[in-house]
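Okay, here we've got a single chain as structure tokens, the form predicted alone, with questions on binding and movement later.
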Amino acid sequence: MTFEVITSSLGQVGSTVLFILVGTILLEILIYLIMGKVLKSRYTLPAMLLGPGIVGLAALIVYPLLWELNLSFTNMSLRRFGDKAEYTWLVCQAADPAAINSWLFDCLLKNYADVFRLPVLKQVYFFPVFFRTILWTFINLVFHLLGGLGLAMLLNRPMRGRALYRTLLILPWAIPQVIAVLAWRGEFNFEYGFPNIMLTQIGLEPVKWLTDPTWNFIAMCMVNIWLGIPFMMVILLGGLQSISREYYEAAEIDGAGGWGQFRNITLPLLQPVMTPAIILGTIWTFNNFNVPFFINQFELETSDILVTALFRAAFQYNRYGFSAAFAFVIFIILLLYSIFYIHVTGTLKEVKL
């Protein structure tokens, strides 16, 4: 890195910050003139406070989503990039009518239909990858929840060195994820990896962690479980510490045992904290890219989950229109799951003992 590169980078960052600052000031002046001077609205101040945030969300979230939605209806690829791309229903107009069975699925929603009827990778179709992603999410979430809850309950009691234990347990979460995953991948080396050395020392055969489909999936789960437990532990520990000791003292007076206190006090009062954590954990695990991508060093299609398959479809096979539709399918799946889970668990409602 040279001095010119540093000054150039600082100049680009500075100009961007200046552009945002000037834009915000102009926006505030515009809102003030329209709502305060022209319309005489009493909501001028709230509008001025919310205005920059709304514009920022529209620019960073709404516009990219609309652009990707538009892309999902085109046949854009590396060969038909930019102006060469066409909407799929326009392509149908030049196609043989005998080859079109349904205008809806063969023309208008062609990319969305192709997600389910064509391989999303070279050989693998959508549903095997989808079911593998569900299995991957379920295994990881169960271990995250059980491991995090167990450690949180251990740390939520008086003990020596509790701060040290918390620091050590949070360490996997604090390490940059890519660095941690690459370190783990080195440990899964067939000849020099620590697990295989240990297996060999006790007389067992070494495992093909990176080349065997089953063991590669297990290796992915092991790494992600190791990475995810600290987050769940921190969230649940905060929830446990918010529960008053008076509930447990009253339960002890009534003769409730440890399991009864856990079932009737801890779990209900922990639910408002646990439910958002589970939803976040599900979405993050479902969309986890770093662990499956880097552990799957040899690009085994039998180890890919939806988000890594989406990445390969977009940036290795250059199917941009198809990938945009693929991304929206994943988005809809997660949206439906979140709505269903919130509805079933009744999260954020008042807890009743």
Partner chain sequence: MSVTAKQTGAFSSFFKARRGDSPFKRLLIHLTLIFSSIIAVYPVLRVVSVSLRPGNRLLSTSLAIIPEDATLDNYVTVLLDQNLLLWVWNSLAITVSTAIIGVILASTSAYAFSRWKFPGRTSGLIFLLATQMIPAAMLMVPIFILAVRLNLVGTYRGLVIAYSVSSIPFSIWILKGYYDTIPLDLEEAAMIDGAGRLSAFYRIILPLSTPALAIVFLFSFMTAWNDYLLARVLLANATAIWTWPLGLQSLQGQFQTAWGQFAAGSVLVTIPVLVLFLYSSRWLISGLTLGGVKG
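Numbering follows the first chain given and starts at 1. Computed from a predicted model, the values in this text were never measured in an experiment.
We do not show the form predicted together with the partner chain, though everything after this point is about it.
- Only one of 113-121, 152-160, 213-221, 126-134 lies within 4.5 Å of the partner chain in the predicted complex by heavy atoms, and it is 152-160.
- The partner chain in the predicted complex comes within 4.5 Å of a heavy atom belonging to residue 290.
- A residue is said to contact a partner when one of its heavy atoms sits within 4.5 Å of a partner heavy atom; residue 31 fails this definition for the partner chain in the predicted complex, lying far away.
- With a 4.5 Å cutoff on heavy atoms, residue 341 does not count as touching the partner chain in the predicted complex; it lies far away.
- Proximity of residue 184 to the partner chain in the predicted complex: non-hydrogen atoms within 4.5 Å are present.
- Scanning 188-203 for heavy atoms within 4.5 Å of the partner chain in the predicted complex gives 189, 191, 192, 193, 194, 197, 198, 201 in sequence order.
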